[in-house]
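Two versions of one and the same chain are coming, encoded as structure tokens; call them structure 1 and structure 2.
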Structure 1
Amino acid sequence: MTQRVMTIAMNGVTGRMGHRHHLVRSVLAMREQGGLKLADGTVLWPEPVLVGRDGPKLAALAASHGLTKWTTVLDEVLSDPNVDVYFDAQATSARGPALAAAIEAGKAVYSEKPVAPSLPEALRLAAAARRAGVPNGAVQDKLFLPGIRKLRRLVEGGALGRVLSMRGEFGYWVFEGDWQPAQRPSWNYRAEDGGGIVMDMFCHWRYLLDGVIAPVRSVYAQVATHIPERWDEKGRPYRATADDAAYAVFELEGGVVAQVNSSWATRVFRDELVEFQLDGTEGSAVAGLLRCRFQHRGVTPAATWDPDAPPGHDFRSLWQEVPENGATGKAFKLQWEQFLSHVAVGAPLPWDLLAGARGVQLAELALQSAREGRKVDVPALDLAVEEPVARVASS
């Protein structure tokens, strides 16, 4: 059994997401299970180097996980020929320059979303990676969740027939922060700090719609700041300036309509924090993070409208739980495995920086739609078209 060490500079893993999902449950988990077995039989051994700004914190984090390599100097890892991959989970504003430098240094790059705070910058990064010929990827974790994988299996297997529409509900009540602590950081609610639910979630909606059903062609969004005053991590009141809810209608290729609500000011009357219902000519599915249920047209009840009578069916009981059949594993780790296989042996990887840029595009157009009160087209993005722009911009 050949082992191959792959050294990964991980920048921004002192934060909750970076630490929990990327370092512990993905990279370290791969080590705990003896490395990642590749298609060619070799075993890939990921070797993280922690990168960040707070030395003592990095040292403690490394020590607590039995790691020895960490640095506060990005150039140190970028100029180190042993480093194969640069991963970035920093705050969005810091991400672009670091990714650009890593691409410049010839590293394979893997980026959290949004890949950049604006579409032009996201496109410049994607174009730069393509020109440099480095493997590149953007985190699109929800595609790897058990519920979504079961849903994709149904759609791709034709169980829904022609997909007609999608409904999505994402959200939960984020406490205001006064009498109960908020479950999200306060910057999420400040536009001036890059907050807002559209910028946070529409990147996800993009790759889910594109990846599960069909490419997005237009967007209409109504946004709101339902809770205008909140209390921050230190109990101080602050004014919420970013959108905390967005009510969107997308048109997809082929006439599919996708209606998706996203909100941090709604109480959950569902099984999971996010749920998508897809209706098709042959059947319908309801998928969350973990579960997926299905109703074939052959078991669809003949519902009739009679306001005076109790409902004639226990509707939810008429849906069938879709079995796992292998749709298990942690989403972030699965995508890490796919990315590292791509880097190591060229396994296919559709979720590159350009796909990441599409997410940024949708968020920007949704906000534009909300400002202008009209439906906005979502033009196809590809680097053939965008490269000159990118070239100009980078010159």
Structure 2
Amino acid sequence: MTQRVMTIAMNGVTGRMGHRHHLVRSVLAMREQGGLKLADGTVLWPEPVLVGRDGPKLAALAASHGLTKWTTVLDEVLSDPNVDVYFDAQATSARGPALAAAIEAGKAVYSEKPVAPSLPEALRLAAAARRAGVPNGAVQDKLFLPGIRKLRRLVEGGALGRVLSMRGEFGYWVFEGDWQPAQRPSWNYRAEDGGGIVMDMFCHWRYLLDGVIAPVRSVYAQVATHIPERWDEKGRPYRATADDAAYAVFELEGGVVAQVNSSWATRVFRDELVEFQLDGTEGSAVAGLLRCRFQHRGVTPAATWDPDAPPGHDFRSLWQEVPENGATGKAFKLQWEQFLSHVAVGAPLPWDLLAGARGVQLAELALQSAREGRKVDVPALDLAVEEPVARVASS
């Protein structure tokens, strides 16, 4: 059996997402299973090189996982002909120039979302990657979650009939950081550092709506900063300048109406941290990260409004659990496997940098809607913007 080493420069892996989901649960997990077996029988062996700004942190992280390769100089890995892939999980404000440098160096690029802090920059990156002919991808992990896979199967199989509407609830309480540590980094709550729940989560909502139900055609949004003061990682108070909640209505192709509430200032009274309910002419489904439940029109109970009497039904018990019926695995790892297969043998990958740019577009239009107090149309994207992205500093 032939083994092929694929060297991956991983930038931003000292952060929560980069470390836990991308390094440990994806790339190192592939190594633990003996590599990634490709369709032709070749075994792909991912070899990570850790990249970042904090040398001692990188050294400690590498040692904890038995790795030896790390650097604080991005140009060092981008100029190395043995490096095949550049992956970016940095803070959003630093991502665009680094991706541009990697594309210029001829590396395949894979990026966390948002792929850039603005739509023009995201489009320039997508256009540059297309001109350079380098494989490129954007993380769209929610599509690979068990609950969403089951939901998509119901929609594609016609179980819901004509989809009428979707209601989504996402969020949890992120502690302010004074009396309990915050579960998210402080930059998430500073607009000047690229923070905000709209830029973070609407990138997800775009590919979920487009990929599971129908393309987004318009958005109306209201945003808020409910918690105006928070405390950073060193216990210092700071003013939260970014939105920590957003309430949006999307119109999808075919007249489907989708409502999604997103908040880091809400307490969970749901089975999972995110849940989506789709209602259709033939049935309804409720999906979270892991579970998906379905109710067909033939077993839908007759609900009668009577505020003076018990409801008469245990409504939750009348829903059917949807089985997995397919490949299981962690969402981030599944997409990593598809991306590396795309790089190695050209396996199809629809989630490129242009797909990532669509998420940035929806986030910007939602913020515009909130500023202007009106519904905003979502136009189709192209790669007409050709201006170069500023080069990243070498260290």
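The first residue in the sequence of structure 1 is number 1, and each one after it adds one. C-alpha atoms forming the largest set that superposes within 1.5 Å between two forms make up the rigid core. In this text the structure is predicted, and so the values were computed from the model without any measurement.
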| property | result |
| --- | --- |
| Structure, 1 versus 2, that is the form predicted in complex with another copy of the chain | 1 |
| Cα displacement of Pro185 between structure 1 and structure 2 reaching 2 Å, rigid core superposed | yes |
| After fitting the core, Ala309 CA displacement of 2 Å or more between structure 1 and structure 2 | yes |
| Rigid core superposed: Pro228 CA moves 2 Å or more between structure 1 and structure 2 | yes |
| C-alpha positional change at Glu176 between structure 1 and structure 2 - rigid core reference, Å | 3.1 |
